[in-house]
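A lone chain, given as structure tokens: the form predicted on its own.
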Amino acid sequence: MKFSDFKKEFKMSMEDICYEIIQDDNNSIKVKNERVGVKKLKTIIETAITISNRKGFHAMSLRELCSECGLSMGGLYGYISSKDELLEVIQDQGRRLLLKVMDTYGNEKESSIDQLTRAIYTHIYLSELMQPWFFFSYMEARFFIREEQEKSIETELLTEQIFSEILEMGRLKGDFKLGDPVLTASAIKSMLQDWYLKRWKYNRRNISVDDYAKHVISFVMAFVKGDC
């Protein structure tokens, strides 16, 4: 799999997620025109993440967000009533997409090796497409309100669980030779995080997302097969 192929196969867009958020009865977002509402919500989320990754979410004011979005305060309040609600919307948007894409690895017809390979490729390529959100979610987690901190932790554990379940199944089938699937999954997660947290390092070395994905898979496969 290559990143270009993933982008072609990847069907869910930011607009799709914003539409789901607007349709969710559990939030306070109510719009008359869904098409316009989706477009404005997308702008609000993307602008908030951009500002936050530049100076920190806690330092961003709603007035500053309005200025960069081109919205009035009244217009912004039609979508969110506070920074806490904005944080919830941003995090829900990312979690929905991440879990929807990653939660596809229970096909017993595929070998454990194929499942693990596909899961690693998918996570790295998805983090490439959504790098600002992944970076935001990781870097800002310590400032989140308690409820959002717990959701962030839960999301990370769920993604690790996907890998640990594949590893455990592969161990039971005899495809993998490893001791602790949970610790191995945690180590894999750390390598995946390095891509979206330290992009400057790989850009400086002219390492592409395809190069990085191939290297991680080669490294992981050598370990889980007992070749190293």
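Start at 1 and count along the sequence shown; that's the residue number. Heads up, when I say rigid core I mean the largest set of C-alphas that superpose within 1.5 Å between the two forms. Just so we're clear, the structure is a prediction, and the values are computed from it rather than from any experiment.
Only in words, not in the display: the form predicted in complex with a further copy of the same chain, which the text now covers.
Next on the checklist: Just to confirm, with a 4.5 Å cut-off on non-hydrogen atoms, which of Ile22, Val220, Val209, Met14 contacts a further copy of the same chain in the predicted bound form?
Outcome noted: Partner contact (heavy atom, 4.5 Å) among the options: Val220.
Item to check | All of Tyr79, Thr122 and Phe134 within 4.5 Å of a further copy of the same chain in the predicted bound form, heavy atom check | outcome: Not a single residue of the candidate spot has a heavy atom within 4.5 Å of a further copy of the same chain in the predicted bound form.
Checklist entry - Heavy atoms within 4.5 Å of a further copy of the same chain in the predicted bound form: which stretch among 190 to 198, 66 to 74, 168 to 176, 40 to 48? => result That would be stretch 190 to 198.
Checklist entry - Does any heavy atom of Arg142 come within 4.5 Å of a heavy atom of a further copy of the same chain in the predicted bound form? => result Flag for Arg142 set to yes.
Next on the checklist: Can you work out whether Glu156 and a further copy of the same chain are in contact in the predicted bound form, taking contact to mean some heavy atom pair no more than 4.5 Å apart?
Outcome noted: Flag for Glu156 set to yes.
Checklist entry - Who in 38 to 52 is close to a further copy of the same chain in the predicted bound form, meaning a heavy atom within 4.5 Å? => result Residue within 4.5 Å: Ser52 only.
Next on the checklist: I want to check Asp180: does it shift between the shown form and the other one by 2 Å or more at the Cα, with the core superposed?
Outcome noted: Asp180 C-alpha, core-superposed: shift of less than 2 Å.
Item to check | Glu64 C-alpha shift between the shown form and the other one of 2 Å or more, rigid core reference | outcome: Superposed on the core, Glu64 moves its C-alpha 2 Å or more between the shown form and the other one.
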